[in-house]
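Below sits a lone chain in structure tokens, taken as the form predicted on its own.
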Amino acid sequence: MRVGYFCTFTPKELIEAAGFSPFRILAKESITGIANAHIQSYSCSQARGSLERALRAELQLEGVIFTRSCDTLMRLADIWERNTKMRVYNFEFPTRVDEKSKDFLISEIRDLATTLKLWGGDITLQSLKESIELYKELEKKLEELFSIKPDYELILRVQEMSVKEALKMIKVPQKERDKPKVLITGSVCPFLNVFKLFEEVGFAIKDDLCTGTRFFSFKYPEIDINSIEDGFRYLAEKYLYKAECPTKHYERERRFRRILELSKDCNGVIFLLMKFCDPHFFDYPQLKEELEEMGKKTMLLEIEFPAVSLEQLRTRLEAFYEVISC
């Protein structure tokens, strides 16, 4: 049985430990004719496209976990519960991310574990420890893979299957010849045609995307897991110090410092932002200014599916390639 989730702040290890298969819900490149009757047209493609899949009965899930992030996703939870037969759970991940949030997050993780049990799962110390280790192994392999050559088709697939199945799929390739490298930063982009354009134009890619490296970028706590409560504490610390997201508030501009650090070995930075994704657009002006002060060339690509023109994107990417290759 599968349990759906949307956000990379969702502790997938709990879902796996409970005996379910975590399934990340992402939009497809299809018209959102049914969803448009239930959700505002100024909602992002990810929200409308995911709801469309649910209303078309494409998603066979035991339940869905909505993790607190943007306002759109929080309201989508209400619409989802009202218009589908799936169970819905709201996981209240803290908006303020610091040590003071840890106890609250532990209590939320404990409550999620109780909910998964009510859905028919059973979390034991052994299953939790095994799940934590398996995900750590998966994340390390993905990190190695993406340091050589990102594979966005693979990472989208592994987010829709159990961790054991995902581990079997990862093959680390040999390093390619050097190409102009760009950092792509933004929110969700589950549309493979966009990444194919980057490769066809000639870029090497490094990313800070919700459907890319943010899925597997963590700092791992040094905690011995001798009880289920130890496991909950481990997960709280792990997810509090994962790759940063603009839907959260961090001390000392932690997110900005990470983006600036990631960009150091890149020729340019592309903001790949989904239309109506307010948290990322709020960050854009200041991040653009700081990156350009470092001497980085930047470009904003705003996308919306299925209305996006891939040929228009190609033209803009080719022009940017010329700029950073000079």
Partner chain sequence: MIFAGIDIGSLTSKCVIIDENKILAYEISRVTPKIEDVAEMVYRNALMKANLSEKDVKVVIATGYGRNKVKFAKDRVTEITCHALGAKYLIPTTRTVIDIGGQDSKVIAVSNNVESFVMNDKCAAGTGRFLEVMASALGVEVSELGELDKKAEKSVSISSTCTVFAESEVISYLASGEKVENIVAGVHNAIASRIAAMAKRVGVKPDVVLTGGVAKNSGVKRALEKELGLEIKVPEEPQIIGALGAALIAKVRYADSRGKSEG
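Residue numbers count along the first chain shown, from 1. All values reported here derive from a predicted model rather than from experimental measurement.
The form predicted in complex with the partner chain exists for this protein as well; it is not shown, and the discussion that follows is about that form.
In the predicted bound form, the partner chain lies within 4.5 Å of some heavy atom of residue 297.
Contact annotation: residue 319 falls within 4.5 Å of the partner chain in the predicted bound form, judged by heavy atom distances. At a distance threshold of 4.5 angstroms between non-hydrogen atoms, residue 1 is out of contact with the partner chain in the predicted bound form. Contact annotation: residue 275 falls within 4.5 Å of the partner chain in the predicted bound form, judged by heavy atom distances. Every residue in the set 304, 312 and 323 has a non-hydrogen atom no more than 4.5 Å from the partner chain in the predicted bound form.
No residues of 194 to 213 lie near the partner chain in the predicted bound form, the criterion being any heavy atom within 4.5 Å.
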